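Before any questions on binding or motion, here is one chain by itself as structure tokens, the form predicted alone.
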Amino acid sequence: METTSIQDYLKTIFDLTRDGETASTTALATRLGIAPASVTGMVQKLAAAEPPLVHYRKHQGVTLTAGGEQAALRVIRRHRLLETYLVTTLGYAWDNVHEEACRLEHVISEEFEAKIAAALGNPERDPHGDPIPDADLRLPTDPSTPLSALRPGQGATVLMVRSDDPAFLRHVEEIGLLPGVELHIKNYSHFDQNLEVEIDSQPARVIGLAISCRIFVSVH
């Protein structure tokens, strides 16, 4: 049986490896706020499980097995459905749902999960634009590109803000970089990788790499 701790590990490994990289034990320790030695012990336990939930080799990091990925996607589906429900139905702000969803994702039943999905109309994305795995734990196709990759003359629609940091979410909301917003690139600096961006037909403003690499868009 998967414990809350195991589910948190699998979800974090999925998040760290979704771009095709291997999750190091150091990265896991930092993300989870746990001592590296404890992380190594848990990863070894997950690798020795029957069936194994992760592939692990010392100094080469961690990746999920097929079973581990399915378990991670099950928790991710619940988390993103809960975030959507909290925002659209209960009136939570999008920067104030992550921790609440983290607590609830481990305790709701499959029936409750299905009822939330049905009540929401089976959404494909959560309030931050993250894709929601379907009932068969398949992620919808994600056509997004990081805003940082765009250059002058290109236009795009914001699809996703990849962050669960409340302060960051409030900041990009103030700027106007919300899912669904249209933007156009006016200028680019090769020296500091800053973009000058016209957001929703408002006067152009400079967006630094620390922000643009976490905003994902659909290019027109």
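A residue's number is simply how far along the shown sequence it sits, counting from 1. Computed from a predicted structure; not experimentally measured.
Keep in mind that the form predicted in complex with the DNA is not shown, yet the notes after this line are about it.
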- With a 4.5 Å heavy atom cut-off, would you call residue 190 a contact of the DNA in the predicted bound form? no
- Query: If you check in the predicted bound form, is residue 49 within 4.5 Å of the DNA, heavy atoms only?
  - Reply: no
- in the predicted bound form, residue 58 touching the DNA (heavy atom, 4.5 Å): yes
- Does residue 24 reach the DNA in the predicted bound form if we count a contact as any heavy atom within 4.5 Å? yes
- Query: Among 63-71, 162-170, 36-44, 176-184, which stretch has residues with heavy atoms no more than 4.5 Å from the DNA in the predicted bound form?
  - Reply: 36-44
